[in-house]
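Shown below, as structure tokens, is a lone chain in the form predicted alone; questions about how it binds or moves come after it.
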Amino acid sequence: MAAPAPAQHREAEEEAEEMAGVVKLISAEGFEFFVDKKAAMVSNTLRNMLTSPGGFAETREGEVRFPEISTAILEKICQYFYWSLHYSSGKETAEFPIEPEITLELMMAANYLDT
């Protein structure tokens, strides 16, 4: 009989399971973006929505609707999630490109998403 896994190992397994999968993000216009859950977790707001106990619809269904965020802005946010994952180690850096005409709307969405 195998010895039970240490608490740290179980926690790491639970966290890996929690981060696995795909999340559907839906813009104000109804456009759907499918992103890796690990990428979505860049946002503290999404992390809380998708991992909170209590049976929230977002947790159960793995989808989040954003009635106030346009498709173009949500697309840029999804790009940022992947960019952030890629450069989070700090070993290499690159500037994240933001078009000047979307700066204000993007900043408001990023503030809401705590990204």
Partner chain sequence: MGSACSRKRGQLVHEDELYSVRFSKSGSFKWLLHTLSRSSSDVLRKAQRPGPGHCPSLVELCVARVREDISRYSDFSMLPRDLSQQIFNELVEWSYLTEESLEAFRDCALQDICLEEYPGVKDAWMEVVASQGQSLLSVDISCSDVTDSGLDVLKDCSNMQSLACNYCDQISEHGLKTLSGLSNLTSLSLKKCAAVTAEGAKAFADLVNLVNLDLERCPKIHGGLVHLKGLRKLETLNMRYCNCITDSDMKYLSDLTNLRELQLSCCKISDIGVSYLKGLSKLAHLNLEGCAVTAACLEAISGLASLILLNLNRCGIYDEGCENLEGLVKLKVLNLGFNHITDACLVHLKELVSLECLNLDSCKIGDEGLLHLKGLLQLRSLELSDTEVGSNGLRHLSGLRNLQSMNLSFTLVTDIGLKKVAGLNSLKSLNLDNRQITDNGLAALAGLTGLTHLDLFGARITDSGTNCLRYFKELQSLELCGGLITDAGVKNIKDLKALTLLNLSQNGNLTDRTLELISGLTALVSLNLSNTRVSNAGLHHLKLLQNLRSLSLDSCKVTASEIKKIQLASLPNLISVRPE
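Under this definition, the rigid core comprises the largest set of C-alpha atoms superposing within 1.5 Å between the forms. Numbering follows the first chain given and starts at 1. These numbers were taken from a predicted model, which means no experiment stands behind them.
There is also a form predicted together with the partner chain; it is not shown, and the following applies to it.
Mapping the unseen interface onto this chain, V64 falls outside it, with no heavy atom inside 4.5 Å of the partner chain in the model of the complex.
Using a 4.5 angstroms threshold between heavy atoms, S88 counts as touching the partner chain in the model of the complex. Of the heavy atoms in I77, some are within 4.5 Å of the partner chain in the model of the complex. Heavy atoms of S84 reach within 4.5 Å of the partner chain in the model of the complex, making it an interface residue. Shown here without the partner chain, the chain has W83, S84, Y87, S88, F96, I98, P100, E101, T103, L104 in 82 to 105 lying with a heavy atom within 4.5 Å of that partner in the model of the complex.
Relative to the superposed rigid core, T93 undergoes a CA displacement of at least 2 Å between this form and the one not shown.
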